[in-house]
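One chain is shown next in structure tokens, namely the form predicted on its own.
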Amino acid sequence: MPQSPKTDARIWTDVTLLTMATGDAPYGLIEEGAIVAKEGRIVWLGQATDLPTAYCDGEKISCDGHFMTPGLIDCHTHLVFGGSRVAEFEQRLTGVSYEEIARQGGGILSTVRATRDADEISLKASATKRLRQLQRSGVTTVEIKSGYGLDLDNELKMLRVARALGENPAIDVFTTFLGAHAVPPEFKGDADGYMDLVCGEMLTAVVRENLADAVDAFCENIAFSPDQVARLFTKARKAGLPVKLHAEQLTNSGGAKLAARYQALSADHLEHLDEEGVKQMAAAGMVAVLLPGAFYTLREEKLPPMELLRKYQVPIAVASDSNPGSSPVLSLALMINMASTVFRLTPEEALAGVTRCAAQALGLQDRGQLVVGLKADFALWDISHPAELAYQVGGTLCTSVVKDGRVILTG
């Protein structure tokens, strides 16, 4: 009697699944579970005793009793840049504020100078090192912004590097055009003139070369006003690009309300967000992206309005904001801890913030949960309780990373 061909599915067994799917079970937990991937997608999951016979001949991978989550998603980073801002770190420790440093020509503009001086090869090499560190903490999808070029050639250079990083099959990279990050030196005192360039020649080239998946801006008293950002968002939406916004980090400038008018994917930072802003974000279906690394590094004191975000059921994502100045962070796992300890998220909320809600913040519906039909992106953790992901500070809890159904990192 002829034997049936062996299935090409892979089955992970001896595992506790934290599916992060919404439902009755905390974390979407499935004990004594198994999960099956085929052609890069999840085709079955549940308790191992219920594994369909159709998959019994597939390649089996024992997880040794570890816990599995969806691959983590870092939905706000600035990984491509030149130079270092360690000297400014020392300045802040002596009492110089982030705003003072920026007004003195430091801050973002110091990284602009270094990034302009760097070529694509060196930018890619340094960003690759940072990206590997994020991968070791379970990250399978990352967003990377431009914003340290602040002229046509250098913004395009940054976005090309970010696109090139995404050619690695071990990571998915989504790119964001952040030309409106700061006013460059050659436009000092003329933010409107610079915004003309961003909305015109720069955005046109970005769209023509298909270099960005979204458009972002920094709406703040040291950057751009709501009216200036509105000009950019109008152009971006006409070009078919979704928008997101750095908003309410240092002051309540009304950025979140502006972003809501344009149905932005997210508003990020949000320490000074008010109730009306929360309500408008909720009505627009936006995600609040919290960045505890920047809050911690800048020694901020005003917390984002956590209870208001919960009250109006705004999804809360958590990201590293990895950048050379305000958040030199290369571990999204650490951000789970900081989101819990600093922003008072529950461990389950914090994990949702780097999985399900982070996917929403990027407009992605094909990842962020362990659900049949979604991408087979997983992270395995040597823990004994789900809250340990928020409890543990430092160390290496992530034992394996799976991308599109393939093991790409172990140990």
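Since we're looking at a predicted model, the values are computed, not measured. In case it trips you up, residue 1 is the first one in the sequence shown, and so on.
The discussion below concerns the form predicted together with ligand NIG, not included here.
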query = Just one of K257, K157, H272, R85 has a heavy atom within 4.5 angstroms of ligand NIG in the predicted complex, so which one?
reply = R85
Interface residue in the predicted complex among Q135, T175, S326, T115, criterion: non-hydrogen atom within 4.5 angstroms of ligand NIG = S326
inquiry  = Please determine whether I108 contacts ligand NIG in the predicted complex, using a 4.5 Å cut-off between heavy atoms.
reply    = yes
inquiry  = With the partner left out here, check for me: in the predicted complex, does some heavy atom of D321 sit within 4.5 Å of ligand NIG?
reply    = yes
ask   = Is K244 close enough to ligand NIG in the predicted complex to count, meaning some heavy atom within 4.5 Å?
value = no
Ligand NIG contact in the predicted complex: F233, any heavy atom under 4.5 Å = no
ask   = When you measure heavy atoms, are H78, Y98 and Q249 every one within 4.5 angstroms of ligand NIG in the predicted complex?
value = yes
query = Which among 70-78, 258-266, 197-205, 136-144 is in contact with ligand NIG in the predicted complex, heavy atoms within 4.5 angstroms?
reply = 70-78
inquiry  = Going through 204-218, which residues have a heavy atom within 4.5 Å of ligand NIG in the predicted complex? Please give them in sequence order.
reply    = F218
